[in-house]
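Okay, here we've got a single chain as structure tokens, the form predicted on its own, with questions on binding and movement later.
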């Protein structure tokens, strides 16, 4: 009962937060100067038809009051799913259609990075905890601190320079096209996958080491050892199970958040995904794409937060989400 109430309350807060963020984005965008597309030699009639369809202008192309625009945006866009056409980047093309076309590339790159980062990070963290204060632990901890401290785009440039340019192991940029599961496509996305996974590996390793080290020094594990269990038995049966309670929700969160991608890494390796599309929509002032992708990233971030909170109660039934006791 507590969990249902807590879930319902979190969902309501998520919707409320989402509406606040998107409303602020819409209002600020509509207050910005919108350079007419005809100045770039574009077909302004097509733009006006799209804006009229979305309820942003009247039949003559004149802007209607901002409050009316907002209610039309809420009704036709957020509920109706009509995000309009691109006015700059992909002129005349449906924004949502272009978004769906580029989304699989972002999902694949980030999914592969998670598949690489999660097992490696957990194994390094477990090994460092078992070798606490030994040279293996110091070596792993030093490497983790370096990976955490340096921005991911620095590794991206190093990987691009040494692995792609000097050694010619991979192409400089990801291969386009709709062939997602071919060897050529997989090979072309590996530099971006490695760049994305390095910081995640370090984060998982540090978090796992800290949690497992604390559990290994707890009193109940010492009691288990005095009852005759070996160190391997206490580690696998008790320590790892309890240490995974705070670790597993972060893994679930990253699985959800793979949809959001990495804006900088995707831009460096020219991944034909939604990341570069978002940055280009900002620089070119393509407001329809900007609103669509802002809504997408906001929704992914809020969903990941809820999944992380609710997963605690699923992993450990002793945790009663929403209970005051």
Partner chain sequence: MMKENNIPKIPADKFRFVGDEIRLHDQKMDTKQISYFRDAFNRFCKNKSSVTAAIIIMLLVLYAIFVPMFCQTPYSLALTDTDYLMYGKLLPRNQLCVDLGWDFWDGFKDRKDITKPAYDQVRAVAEETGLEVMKNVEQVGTNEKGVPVYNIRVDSYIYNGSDGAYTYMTLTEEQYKSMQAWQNETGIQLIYPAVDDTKLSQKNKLNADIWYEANDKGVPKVDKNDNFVDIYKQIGNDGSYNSLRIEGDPGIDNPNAEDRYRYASITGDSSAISYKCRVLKYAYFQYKYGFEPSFLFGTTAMGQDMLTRLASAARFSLLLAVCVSAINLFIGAIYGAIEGYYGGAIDMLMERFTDILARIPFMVVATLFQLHLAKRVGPVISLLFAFVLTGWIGMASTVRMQFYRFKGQEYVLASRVLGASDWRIMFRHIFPNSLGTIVTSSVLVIPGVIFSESSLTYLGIVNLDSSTMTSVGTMLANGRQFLQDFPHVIFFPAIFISLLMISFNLFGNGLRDAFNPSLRGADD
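Positions refer to the first chain, counted from 1. Since we're looking at a predicted model, the values are computed, not measured.
Just so it is clear, the following notes concern the form predicted in complex with the partner chain, a form of the same protein that is not shown.
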Using the partner position in the predicted complex, report whether residue 54 sits within 4.5 Å of the partner chain, counting heavy atoms only. no
Using the partner position in the predicted complex, report whether residue 228 sits within 4.5 Å of the partner chain, counting heavy atoms only. no
Would residue 66 sit within 4.5 Å of the partner chain in the predicted complex, counting heavy atoms only? no
Just to confirm, residue 165 within 4.5 Å of the partner chain in the predicted complex by heavy atoms? yes
Of the options 126, 78, 150, 116, which one has a non-hydrogen atom that comes within 4.5 Å of the partner chain in the predicted complex? 150
Can we say 103, 242 and 312 each have a non-hydrogen atom within 4.5 Å of the partner chain in the predicted complex? no
Only one of 242 to 250, 93 to 101, 172 to 180, 190 to 198 has residues with a heavy atom within 4.5 Å of the partner chain in the predicted complex, and that stretch is 172 to 180
Could you list the residues in 70 to 99 that come within 4.5 Å of the partner chain in the predicted complex, counting only heavy atoms and keeping sequence order? none
